[in-house]
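In structure tokens, one chain follows: the form predicted alone.
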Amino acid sequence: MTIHLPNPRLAAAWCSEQRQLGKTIGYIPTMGALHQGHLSLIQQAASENDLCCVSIFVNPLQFNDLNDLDTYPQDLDTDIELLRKAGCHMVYTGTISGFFPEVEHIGQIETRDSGPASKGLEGTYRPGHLEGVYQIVERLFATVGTCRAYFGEKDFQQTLVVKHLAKKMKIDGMGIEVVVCPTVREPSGLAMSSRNTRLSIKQLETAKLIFQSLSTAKNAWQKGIRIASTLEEIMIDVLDHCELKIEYVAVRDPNAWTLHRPDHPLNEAQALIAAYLGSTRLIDNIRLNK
């Protein structure tokens, strides 16, 4: 049975009560429109904790494109049924006023420093996005309290920002363990995303190039290529398609994140891509050295 709690205050009380009973909690923050990628996080959380809870909240703070916010898919009834089948114990929803009761309107919410990992790439092309993620996840973590929180590697830069947040909250006495789980993919290799439903059959075929590009970079790494700029050139060659508009192709050291491309041979590397197909923005990444 999945309990639906309609605001963060009730969710906080439920989580606190469960911890007092000695239960461990696995938590997955989502914006709904659930797919197998989300469900894989829920399954892992359920296997590693006594209880599993999920939040569904389409966070306006992280949308720098209002059209993207307006068209974001939402179907709460279907999501709750999927959660029930997946073994989720509690799902909570909320509103901006529920998460930020101290302000009268959204424009009064103060922007927070989201750390060095928010600079460059997503931080450049989606200004305010990672800051918006940071602001809402801080409130989501405060609602759930001490837990293991599960995120997908598809949003790699976001996971770095969330890890930074968890470290800061630990200083204040809240133990959040961030667990990053592998990207779940379609048979074509395309990373699962709620936005994939916007793609036509033809666009889905073109979208395969994104994973092919990442895979080509990984093959090059395995052959000994360690220079970021060379790996990026290899990726761009694969992505050369008239319908695919590249925002960025990047190779970064995942353990020493920097705004700029590393100019030295890498021992570890994360390859990242953001591109548009029509009006749909897609992101993906893989670790090259694993």
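We number the residues from 1 along the sequence you see. Predicted model only: the values in this text are computed from it and were never measured.
Another form, the form predicted together with a small molecule, is not on view; read the next lines as being about it.
Trainee: Can you pick the one in I136, L214, I176, A207 that has a heavy atom within 4.5 Å of the small molecule in the predicted bound form?
Mentor: None of the others qualify; the residue that does is I136.
Trainee: Thinking of Y125, A275 and T280 as one candidate spot, does the small molecule come within 4.5 Å of a heavy atom in every one of them in the predicted bound form?
Mentor: The answer is no; none of Y125, A275 and T280 reaches the small molecule.
Trainee: Test of understanding: in the predicted bound form, would F100 fall inside 4.5 Å of the small molecule by heavy atoms?
Mentor: Close contact is absent here: in the predicted bound form, F100 is far from the small molecule, nothing within 4.5 Å, heavy atoms only.
Trainee: Considering non-hydrogen atoms and a 4.5 Å limit, does the small molecule approach G26 in the predicted bound form?
Mentor: No, no contact at 4.5 Å.
Trainee: Although the small molecule is absent from this view, report whether I234 comes within 4.5 Å of it in the predicted bound form, heavy atoms only.
Mentor: Result no; I234 lies far from the small molecule in the predicted bound form.
Trainee: Does the small molecule get within 4.5 angstroms of any non-hydrogen atom of A46 in the predicted bound form?
Mentor: No.
Trainee: Tell me the stretch among 155 to 163, 178 to 186, 111 to 119, 199 to 207 that has any heavy atom within 4.5 angstroms of the small molecule in the predicted bound form.
Mentor: Residues of 155 to 163 come within 4.5 Å of the partner.
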